[in-house]
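In the form predicted on its own, a lone chain appears below as structure tokens.
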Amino acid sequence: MALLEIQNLSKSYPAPVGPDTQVLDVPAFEMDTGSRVAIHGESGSGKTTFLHLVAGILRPDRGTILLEGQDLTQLPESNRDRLRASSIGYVFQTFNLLQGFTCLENVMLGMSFGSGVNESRARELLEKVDLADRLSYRPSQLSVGQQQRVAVARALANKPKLVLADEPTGNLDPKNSRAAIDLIQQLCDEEGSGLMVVSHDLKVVDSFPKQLSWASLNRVISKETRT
């Protein structure tokens, strides 16, 4: 069984005037368990919407999203939230760390929505991302690169089947960008998690064994290209 199977996925947003604006039309997409894939596309082209749909944060207008055979589109919001907490890790572009909490507390809070808080695992993950000496630091006391590593540790806290990363190097310089991508791939390999990264940076995409163009997946982009 595939880890992720998508069929006929479509999403539109209301326009101020006139018909809704379609941003996403993906006929088919599939990922195997433990695989790693990078999707390349320009900023503002619908890649984040795609990740939000896969994570169950948004609901599509139509289509199916099967995570290990379970269709997220048929679940009520509360069930999607529980499935996301237990099976999907998300590295947000802006990290979404809670500013009033320490590094350790941010990772542990991520665990609280899943199978339960495990402080020793939270500490272990932060050690793996080289933040063992920053456990009691708050996000404002960390560099951008360090904040990103906290976000990676939090995404892996519940041993997810699938990790999604939205422009994970968008706020980093070239040197830290490469280190961040290497770290995310390494940790997903160790945990046996599938990894999907979306990025506009070809250097990021080139480091993945499977690379896809967003324009080849999203028929909305393909139509725009033809006109």
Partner chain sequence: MKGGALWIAWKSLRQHALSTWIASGSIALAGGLLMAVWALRSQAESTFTEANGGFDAVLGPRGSQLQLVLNSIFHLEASSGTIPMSTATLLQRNPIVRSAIARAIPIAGGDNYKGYRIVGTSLELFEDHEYKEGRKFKIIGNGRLFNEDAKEALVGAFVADKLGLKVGDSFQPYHGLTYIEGAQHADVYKVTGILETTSTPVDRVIWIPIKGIQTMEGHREDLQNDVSAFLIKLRSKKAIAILDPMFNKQGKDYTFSSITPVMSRFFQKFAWFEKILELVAYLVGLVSAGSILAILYNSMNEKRREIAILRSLGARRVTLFSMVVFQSMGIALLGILLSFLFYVLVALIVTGIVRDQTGVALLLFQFDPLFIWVSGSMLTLAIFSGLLPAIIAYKTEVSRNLGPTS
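What you are looking at is a predicted structure, and each value in this text was computed from that prediction instead of being measured. Numbering follows the first chain given and starts at 1.
Although not depicted, the form predicted in complex with the partner chain is the subject of the following passage.
At a distance of at most 4.5 angstroms from the partner chain in the predicted complex, all three residues D81, F101 and E167 contribute at least one non-hydrogen atom. Shown alone, this chain has one stretch from 22-30, 175-183, 60-68, 42-50 that lies within 4.5 Å of the partner chain in the predicted complex by heavy atoms: 42-50. When the partner chain is considered in the predicted complex, L135 lies well away from it, no heavy atom lying within 4.5 Å. The partner chain is not shown here, but in the predicted complex it comes within 4.5 Å of a heavy atom of T94. At the 4.5 Å threshold, heavy atoms of R149 stay clear of the partner chain in the predicted complex, well away from it. Under a 4.5 angstroms non-hydrogen atom cutoff, the partner chain in the predicted complex lacks S140 among its neighbouring residues. Heavy atoms closer than or equal to 4.5 Å to the partner chain in the predicted complex belong, across 117-134, to the residues V117, E119, ordered by sequence position.
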